[in-house]
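The data below hold one chain only, encoded as structure tokens and taken in the form predicted on its own.
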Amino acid sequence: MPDVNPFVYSRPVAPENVLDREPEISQLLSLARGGHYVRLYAPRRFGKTSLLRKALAEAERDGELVPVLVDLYGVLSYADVTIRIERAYSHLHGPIRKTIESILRTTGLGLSLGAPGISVKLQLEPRTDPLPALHALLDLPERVAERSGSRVLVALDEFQDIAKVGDFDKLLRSHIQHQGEVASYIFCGSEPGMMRELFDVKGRPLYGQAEPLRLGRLPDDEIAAYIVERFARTRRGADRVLDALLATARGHPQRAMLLAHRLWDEVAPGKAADEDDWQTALARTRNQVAAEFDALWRGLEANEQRALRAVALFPDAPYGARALGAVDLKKSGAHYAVRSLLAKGELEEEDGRTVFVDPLFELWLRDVQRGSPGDEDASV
């Protein structure tokens, strides 16, 4: 068998490789079976899409729900949304796919689960109004229930991006408010501020429409068991440096897998990782993410940068006089900047403290503040 690194960090993982999350999946499916709508949210790279895929796979396997996963990342128009929803239904198979194909053919709108779908029609006839097709797709759960008696579970991933599509939330609510008996919806997003804007602001169409469910950090024991098992499966060991890896990852799902991936690369078959292997893996990880963090840093406002420095330098008292003096920031400006960073998902509240969501971003910032080699160009 090829000696393949078992730690995937750059894309959503297959359902069978999702680490932990069983309580969240159980809760999601329980709410879905009861006809409830759920707002699933967490910072970026916390495994929301992987969790959705596993939950939908379990729903399909049980035969109780028809699972539909719609990727809304980067949508900018009604045409974009229409294409994404049609594409999501095209991944279904078996009798339910035939049922949906039959329903779509009766619309006369060019909708299809095969190759000649609405995307082709919009390319050939750019002036085509996508709204009739979008209405038909949003009505599909009702029509599927009429034909098959099955409840449809629609998961809308990266839902915060619909804020760029004017009044789509209003259009969506006009359909789903009548579908409680036939469909369930999961609204999944990674921008805390934008998700709150969509669901928690009075006057917004989806205000109070979904049960909130937040994904937190993974427990260290679950991460440890996952890493140890995969090292052992590939004839390697990680026990001696596992505590250091866990302390660095701080329960961040993607960062834990990235660090494990880099560590595995340093260990030959039949060997166990030692401190030198860990330090090399950590250094390579830091080099890998440096450009990403530099770009993130340069896109922040000056006071947001100052606030992050205060949190990194004085994690126990970022609003104290010493911290604010060190970064030349007034307390009022610090509070405003931190609120903005919380909304963007760069910081979060944990046990009464303000902490970095991404532990590697905090490491990078501390490296730059110390003037580590290779970071001189960052404007800190």
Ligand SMILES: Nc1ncnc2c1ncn2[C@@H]1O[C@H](COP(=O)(O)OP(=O)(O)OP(=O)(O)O)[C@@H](O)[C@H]1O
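As the structure is a prediction and not an experimental result, all values here were calculated from the model. Heads up: residue numbers just count along the shown sequence, starting at 1.
Below: the form predicted in complex with this ligand, not depicted.
message: The chain here is shown without this ligand. Which stretch in 44-52, 319-327, 29-37, 344-352 comes within 4.5 angstroms of it in the predicted bound form, by heavy atom distance?
response: One stretch meets the cut-off, namely 44-52.
task: Evaluate M257 for contact with this ligand in the predicted bound form, applying a 4.5 angstroms cut-off between non-hydrogen atoms, and reply yes or no.
output: Output for M257 is yes: heavy atoms within 4.5 Å of this ligand.
query: Taking heavy atoms and a 4.5 Å cut-off, does R11 contact this ligand in the predicted bound form?
result: The answer is yes: R11 has a heavy atom within 4.5 Å of this ligand.
D169: touches this ligand in the predicted bound form, heavy atom cutoff 4.5 angstroms: So D169 does not count as contacting this ligand.
message: I'd like to know whether Y207 contacts this ligand in the predicted bound form, with contact meaning heavy atoms within 4.5 angstroms.
response: So Y207 does not count as contacting this ligand.
Heavy atom within 4.5 Å of this ligand in the predicted bound form - qualifying residues of 14-29: Counting only heavy atoms within 4.5 Å of this ligand in the predicted bound form, the contacting residues of 14-29 are N17, V18, L19, R21.
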